[in-house]
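Below, in structure tokens: the form predicted on its own, a single chain.
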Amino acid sequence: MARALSPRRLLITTVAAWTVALIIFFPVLWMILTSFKTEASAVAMPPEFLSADWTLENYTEVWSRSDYPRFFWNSVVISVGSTLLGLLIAIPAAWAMAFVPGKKTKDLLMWMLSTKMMPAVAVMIPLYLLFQQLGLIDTKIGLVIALMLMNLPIIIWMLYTYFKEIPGEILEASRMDGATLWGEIIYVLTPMALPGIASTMLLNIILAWNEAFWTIVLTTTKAAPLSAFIASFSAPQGLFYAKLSAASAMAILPILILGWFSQKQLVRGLTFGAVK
């Protein structure tokens, strides 16, 4: 049984946690503050705060200059679509690796994880040419496939760790009761691992939403998501920091809201099986 922390250790832990949280959140806070400044105040040195000129002009100009709802909808379709497609492939794969492992299962898992260490630019040209031949450039389905492939190793790894915590005897009992292979996965395994599946889904939606490299390389206008929306505010004349900050704030706000309301589910899923 875990011992309760002493008041002094509890205070130190609380202060340390808040300090780390504020350090991590400070760039986001500074970006939001900059989005309400004029361009002159945004680049002023030393940085201005109380003496800054505050305005909503950046948001109105960003909204009027671009079709924000279209970029937003593209981001929703691409992030959710790539995650659902990845789960459709990863759940059976993780089931096989967790409950019917072979001699090379661990090697296969390490190989899949090692692909995430490869620089994306190393496969940019062959993937671009392949997508060009298939007519998938600047299409939402093309980005769904691309981001699914990029995040599939993470999805499989996370689901594999969750599935390993489920006793195999439960699945054996379902087979004895006449469950088919797909019935076992859909009606027995999936409900038991639902917290882990939900956290995997949420994490991969965030990863796909924040993806910038492939969304800019593989799109131009039609399927461009919010990451391309942000990039459109860097002009040849230079960076307009206030407007760029406003565009960035508008792009991250939906995913911040999602993360805020789903934090309990995300934490529960990430700690699934960690406590016996």
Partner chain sequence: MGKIQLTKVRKSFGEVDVIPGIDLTIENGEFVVFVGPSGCGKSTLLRLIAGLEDTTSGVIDIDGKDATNLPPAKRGLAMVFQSYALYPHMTVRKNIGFPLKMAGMDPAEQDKRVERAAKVLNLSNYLDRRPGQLSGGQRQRVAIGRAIVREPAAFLFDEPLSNLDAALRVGMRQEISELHQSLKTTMIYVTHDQVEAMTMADKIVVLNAGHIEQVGAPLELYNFPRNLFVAGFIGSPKMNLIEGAEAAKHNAHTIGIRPEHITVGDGPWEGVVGLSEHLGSDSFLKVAVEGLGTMTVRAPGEVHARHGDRIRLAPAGKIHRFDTNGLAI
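It should be emphasised that the depicted structure is a prediction, and the values quoted were computed from it without experimental measurement. Residue numbers count along the first chain shown, from 1.
Although it is not shown, the form predicted in complex with its partner chain is what the next lines describe.
Could you tell me if Ser174 has a non-hydrogen atom within 4.5 Å of its partner chain in the model of the complex?
Looking in the model of the complex, residue contacts with its partner chain include Ser174, since a heavy atom lies within 4.5 Å.
Contact between Pro191 and its partner chain in the model of the complex at 4.5 Å, heavy atoms?
Taking the distances in the model of the complex, the answer for Pro191 is yes, it comes within 4.5 Å of its partner chain.
Residue contact check: Gly178 to its partner chain in the model of the complex, 4.5 Å heavy atom:
Answer yes; at least one heavy atom of Gly178 falls within 4.5 Å of its partner chain in the model of the complex.
State yes or no: in the model of the complex, is some non-hydrogen atom of Tyr187 no more than 4.5 angstroms from a non-hydrogen atom of its partner chain?
Yes.
Ile170, Ala198, Ile141, Leu84: which sits within 4.5 Å of its partner chain in the model of the complex by any heavy atom?
Residue within 4.5 Å of the partner: Ile170.
Using the arrangement in the model of the complex, list in sequence order the residues of 90-110 with any heavy atom within 4.5 angstroms of its partner chain.
Counting only heavy atoms within 4.5 Å of its partner chain in the model of the complex, no residue of 90-110 makes contact.
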